[in-house]
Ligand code: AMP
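There is one chain below, alone, in structure tokens, taken in the form predicted on its own.
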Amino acid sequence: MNALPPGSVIGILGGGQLGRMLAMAAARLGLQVSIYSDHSGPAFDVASSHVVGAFDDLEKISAWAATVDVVTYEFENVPLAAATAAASLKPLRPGPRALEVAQDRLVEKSFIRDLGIPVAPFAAIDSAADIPAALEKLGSPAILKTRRLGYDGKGQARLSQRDEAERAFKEIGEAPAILEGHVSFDGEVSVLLVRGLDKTWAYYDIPDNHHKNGILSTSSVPGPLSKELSDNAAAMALKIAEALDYVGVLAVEMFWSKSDETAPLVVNEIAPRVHNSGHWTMDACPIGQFENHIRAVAGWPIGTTARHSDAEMTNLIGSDADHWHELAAENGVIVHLYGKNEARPGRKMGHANRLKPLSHGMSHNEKD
């Protein structure tokens, strides 16, 4: 296996907070990071170098890719053409297929369903006229989602009646969409799986996730799943990763239900990157998700995913970050701020990890 030695350069497409934390993890391993982004972002402050350029400037992306040893990405909406241009020169990990699947909800849902993994019932929507028949088939209430670019609750509209079709379609900007049927669930969880270049894999303990206004608010471990359900969730995530020939950290968001014996776990969506619900791993595990992603991308052995502490990660959204002084004074809290200049409503400014001693002696993902 050709692992990149210390001093090698990891190229990251995207300059946000995930790129920032990846760059910091790479530095611990003696690896350098070069960022390519269309605007200045939090990652620029900690990277060895950066290039500002448009994502449709394939010549500039190619010139940048020639200066690094391997390329990864920190957000799933990197244009496929940009990723492919980089991949024509240097290894791209994860590969472009992961982007292609994750960027289109219809492709994503179909891909996961065809692997035999439960997903919410869905139908393709190209116009408001498609909604009544789809609603009849899927039942109500249902949620209309743009096929592309929606995140943190954006690009979504709920509806219950046929006569709400026009309103809902206008609400999402009249973009190509999917309609998803209702899924009854008791909670939301996410599998954070890391798969190495040598195809070895591991997963972190599965957190309990809570959202506010469509944005992740907290992720905590231990989560609600039994060891058996955790292993089943990880097996579903692994099946997706293997089908994509995936290298790096993959997040698979799921709904879980106590009462549904046939399908207690339903996949909501995937994120081909490190994930907000895994930020607790930075402080509750010897090797967090960011270091493990860098290890995988660089061809290093993946590290342990066991945790040494219980943890709750709280996102600092907008003005929440103004309370940094109180958070820093709180015992057992580790504060992570992203260095963003302006605290806007709904903007992720940082997160705080609250640690406690393990409530049981072994992580679910460790061997008995």
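Source: prediction; values computed, not measured. Don't overthink the numbering: it's just position in the shown sequence, from 1.
The form predicted together with the ligand is left out here; the points below concern that form.
Contact check for F185: a non-hydrogen atom falls within 4.5 Å of the ligand in the predicted complex. Proximity of R195 to the ligand in the predicted complex: non-hydrogen atoms within 4.5 Å are absent; the residue sits far from the partner. Put simply, R167 is far from the ligand in the predicted complex: not one heavy atom of it is within 4.5 Å. Put simply, A120 is close to the ligand in the predicted complex: some heavy atom of it is within 4.5 Å. Of the listed positions (K227, H211, R162, K258), a single one reaches within 4.5 angstroms of the ligand by any non-hydrogen atom in the predicted complex, namely H211. Contact with the ligand in the predicted complex, judged by any heavy atom within 4.5 Å, is made by just one of R295, R93, R105, R273: R105. Listed stretches are 125 to 133, 241 to 249, 176 to 184, 82 to 90; the contact stretch with the ligand in the predicted complex is 176 to 184, by a heavy atom cutoff of 4.5 Å. Applying a 4.5 Å heavy atom cutoff to the ligand in the predicted complex picks out N268, E269 from 257 to 274, in order along the sequence.
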